[in-house]
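Only one chain is shown below, in structure tokens, and it's the form predicted on its own.
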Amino acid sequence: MKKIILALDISDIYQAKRIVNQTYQYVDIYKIGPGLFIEYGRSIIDYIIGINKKIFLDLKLYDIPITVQRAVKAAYNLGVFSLTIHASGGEKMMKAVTSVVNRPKIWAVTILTSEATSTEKVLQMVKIANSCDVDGVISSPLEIESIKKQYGKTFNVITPGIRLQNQDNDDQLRVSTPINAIKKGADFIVIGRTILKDKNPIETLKKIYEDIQNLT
């Protein structure tokens, strides 16, 4: 599976479909966040699944265990590939989610890349998430090597905070280039504004994809 997850952080379904049609050669998974999901829900999900691509539904669920468990079951019925929950929701919430027999892959969000933190604090959250049998964690590029060293290559690390060399970090504090993140061991990198705000987004995405292919 291709390592790039393209974040459709836009509010217009026609633009989203156009971007998918232009990028599907380089992307297998598309991230849909709260904005696009609330506005268009099933229609954008069905469109992407209809062209044999996967959905990463990034809702960062955080609530009492039974509520989140029900949401996970609903997400499975939508056909999404993966879903995010907040690791800070705690052990009971995460175990309620991972106990669902038919469910998407569950990726636990540690600490947002827009926040300053320590590797130790992230690892504390990863330890709890791992003990609850999540399929992976969302963590910045700065923690990838430490997580992989402690939990092994099969434990997925999905990495946002991806920026190109000399690119504005926007509101992101813990960042890395695509290649450095992959070299550190990221299983998937999440790219959004890095591509969508670029003057030549498709060419830039193609270049990132080819650079990654040359590494693997």
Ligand code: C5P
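All values derive from a computational prediction rather than experimental measurement. So that there is no doubt, residue numbering starts at 1 and follows the sequence shown.
Beyond what is shown, the protein has a form predicted in complex with ligand C5P; the following relates to that form.
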Ligand C5P: the contacting residue among V109, L123, A71, L142 in the model of the complex [heavy atom, 4.5 Å]: V109
Heavy atom within 4.5 Å of ligand C5P in the model of the complex: which of V190, I147, A186, I55? V190
Spot the stretch among 96-104, 112-120, 73-81, 127-135 with residues whose non-hydrogen atoms come within 4.5 Å of ligand C5P in the model of the complex. 112-120
Closest heavy atom of D198 to ligand C5P in the model of the complex, within 4.5 Å or not? no
Does any part of P160 reach within 4.5 Å of ligand C5P in the model of the complex? Heavy atoms only, please. yes
For D12, is any heavy atom within 4.5 Å of ligand C5P in the model of the complex, or not? no
Quick check on I212: any heavy atom within 4.5 Å of ligand C5P in the model of the complex? no
Looking at ligand C5P in the model of the complex, which residues in 33-54 have at least one heavy atom within 4.5 Å of it? none
